[in-house]
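Below sits a lone chain in structure tokens, taken as the form predicted on its own.
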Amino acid sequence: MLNCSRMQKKTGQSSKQMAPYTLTYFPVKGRCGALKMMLADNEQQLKENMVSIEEWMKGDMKGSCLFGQLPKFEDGDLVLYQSNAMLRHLGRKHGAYGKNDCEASLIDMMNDAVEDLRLKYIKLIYQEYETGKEAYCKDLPNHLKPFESVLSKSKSGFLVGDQISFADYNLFDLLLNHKVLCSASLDSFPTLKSYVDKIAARPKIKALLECENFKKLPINGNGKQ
């Protein structure tokens, strides 16, 4: 049975936590870069359980996971799978899900758009890297234009409203990946470039990006980036 009856913290608050969150995942940035950035930006502790591919392939841990996959995120008695569910949960808890229902719906929309692009990126990395990278980078501007358009109309410099949301952390993380994949990916998008620079300069995120333990993690599990 899915249960969160013992969760006591109210949503929408960024209070100091009694115990760290726990993340179980492979030793890669992968789908957890945005989550780590959000937690760092909100001065939240994170306990990490790293799982090697060898251990995962034994099958015992995979069999214990609800959908047979990682990451796994624990907040007290609450156990979550699915990385976007984790982002939404943390967004609600730490004031990164908009100020009203309208903003929350727009944040959902933008995060879904980020996920669409992330799925394209993942397909390239794990299935078509050798044969499809050139075409992917050539077509990438078509996928970045909507984000440039939204941000160019934003007075705050964030995707929705006047404060950072979980969708911003997610987009920022994915744009960093694309800068590694296609070094000139943001050259034609001045607003996106400024957006990346702005978020990267936030003190807690800057510290995370410069942390050796974070820097040494590969972006993807197959070593391609």
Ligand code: 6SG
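Fair warning: this is a prediction, and the values are worked out from it, not measured in the lab. Residue numbers here begin at 1 and follow the sequence given.
FYI, the form predicted together with this ligand isn't displayed, but the following is about it.
- The pocket of the shown chain is open, since this ligand, superimposed from its pose in the predicted bound form, puts no atom within 2.4 angstroms of any backbone or C-beta atom.
- Stretch 80-88 is the contacting one of 132-140, 80-88, 146-154, 102-110, since its residues have non-hydrogen atoms within 4.5 Å of this ligand in the predicted bound form.
- Contact check for K47: every heavy atom lies farther than 4.5 Å from this ligand in the predicted bound form.
- Among heavy atoms of I53, some come within 4.5 Å of this ligand in the predicted bound form.
- The closest non-hydrogen atom of Y25 lies within 4.5 Å of this ligand in the predicted bound form.
- In the predicted bound form, no heavy atom of G95 sits within 4.5 Å of this ligand.
- Comment: this ligand is not present in this chain, but in the predicted bound form one of Q69, S194, S188, S183 has a heavy atom within 4.5 Å of it, namely Q69.
- Contact residues in stretch 123-161 (any heavy atom within 4.5 Å of this ligand, taken in the predicted bound form) are limited to Y126.
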